[in-house]
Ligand SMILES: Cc1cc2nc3c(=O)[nH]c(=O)nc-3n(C[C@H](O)[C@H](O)[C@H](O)COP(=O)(O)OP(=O)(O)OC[C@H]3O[C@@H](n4cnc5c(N)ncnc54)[C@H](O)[C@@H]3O)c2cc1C
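There is one chain below, alone, in structure tokens, taken in the form predicted on its own.
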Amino acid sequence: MATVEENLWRQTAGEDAAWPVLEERQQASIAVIGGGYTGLSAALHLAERGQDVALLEAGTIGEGASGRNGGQVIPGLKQDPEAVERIWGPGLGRRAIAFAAAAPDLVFDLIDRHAIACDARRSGWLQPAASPRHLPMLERRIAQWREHGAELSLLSRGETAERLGTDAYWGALFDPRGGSLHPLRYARGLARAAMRAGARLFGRSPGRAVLRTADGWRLATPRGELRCGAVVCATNAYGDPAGMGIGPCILPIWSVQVATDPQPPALRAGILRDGLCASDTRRFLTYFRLDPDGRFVIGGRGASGARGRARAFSALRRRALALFPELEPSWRFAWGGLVALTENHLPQLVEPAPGLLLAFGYNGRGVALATAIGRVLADRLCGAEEGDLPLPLLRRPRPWPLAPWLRLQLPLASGLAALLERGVAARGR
């Protein structure tokens, strides 16, 4: 059992490229800050359109959430279609719904087009009902998506048990548009594709200051600076180098995961059939899947401190064995990363000044959404009109009400979640 945090994806991704450090003074047409899915997708799409792009990553490519998530490619936004239309209006709302529905298509198209070896499987995504009270909600969700042309279905309790290999759930939404991948290999594949298209990528080069100049922008790094005409800030929950006040606009929530060694072939043949991945309807949701080598991976809400994460790791192990008592509990891996939650549970696209763009807040759906929004950022910098964008373009980030107070409550909420998980696991036994 892992006693310290050990990231499965980093251990199985292989050697990374030796990305150079930005040194001395350099120039580019567009600078991208952040080497996760948003920044990498923006850099790739900008470079493919002939832009001179330089990307700055504070650590290594995919070091943040893009190399720490569950690898589930989930369509749509966190909010259901009717809520999106209510929040953003029917016209923009419908554009946003169609955009988010097609986001997995972009992910798998990029993987195919650039031959990214990241264990991609488009076997579908299940959202199992943790309680019979959740079934009407899933029925409404399916009905709303069908109005937008999506072929979702509701599985019975027996069908859910057959597909998942556990009778812990009461039914499930099945979405064939979803899938899974190795998240860090995907990030590194996007980086290599961007580099081949002409983008320059720099590691260990945090953009510590973003300053407006008479002819554009200046980004300072520890060993150099970058002069450019426009800036994309794509750091999500991992900083605010542009100093635009992102902090009060997100709640940075820890999502943690544990994973086993490869399970015996006979055992894994009976669970998560056809390569399915799942995220259930619990308030503090549990998400799980098998990787291609048969490791069982399960994740959920964590806590900010090392002790809190250790408790969350233990709760996830108990939850896994409550769902699948037959698992061989060889818990070699345990790790976590930050999810950026926004006040309305929708992403924010912000243009505080001409030539400065920010995007953040994927609310747990970052693999597909961040990739797609990276392309939207490229569209905007290549001349797309505001009215043609699939998301609202804000002039300033939208804050959480009482953000400092809410941040203080996060440890309490995480502790309560761990206690609830422990109770559920005990009842499952």
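Computed from a predicted structure; not experimentally measured. Residue numbers here begin at 1 and follow the sequence given.
Unshown form predicted together with this ligand; subsequent notes refer to it.
Undergrad: Would you kindly say which of Tyr287, Tyr169, Phe174, Phe313 lies with a heavy atom within 4.5 Å of this ligand in the predicted bound form?
TA: Of the listed residues, the single hit is Tyr287.
Undergrad: With this ligand left out of view, choose which of Ala58, Ala28, Ala47, Leu391 has a non-hydrogen atom within 4.5 angstroms of it in the predicted bound form.
TA: Result of the distance check: Ala58.
Undergrad: At 4.5 Å between heavy atoms, is Trp331 in contact with this ligand in the predicted bound form?
TA: Outside the cut-off, so no.
Undergrad: With the partner left out here, check for me: in the predicted bound form, does some heavy atom of Pro241 sit within 4.5 Å of this ligand?
TA: Contact with this ligand, yes.
Undergrad: Even though the partner isn't displayed, in the predicted bound form is Ser255 close enough to this ligand, meaning a heavy atom within 4.5 Å?
TA: Although this ligand is absent here, Ser255 would touch it in the predicted bound form, with heavy atoms inside 4.5 Å.
Undergrad: Find out whether any non-hydrogen atom of Leu135 is located within 4.5 angstroms of this ligand in the predicted bound form, and reply yes or no.
TA: Judged by the heavy-atom cut-off of 4.5 Å, Leu135 is well away from this ligand in the predicted bound form.
Undergrad: Tell me the stretch among 71-79, 155-163, 322-330, 106-114 that has any heavy atom within 4.5 angstroms of this ligand in the predicted bound form.
TA: The contacting stretch here is 71-79.
Undergrad: On the criterion of a non-hydrogen atom at 4.5 angstroms or closer, are Leu8, Gly189 and Thr260 all touching this ligand in the predicted bound form?
TA: Answer is no for this spot.
Undergrad: Between 35-51 and this ligand in the predicted bound form, list the residues on our side with a heavy atom within 4.5 Å.
TA: In sequence order, Gly35, Gly36, Tyr37, Thr38, Gly39 come within 4.5 Å of the partner.
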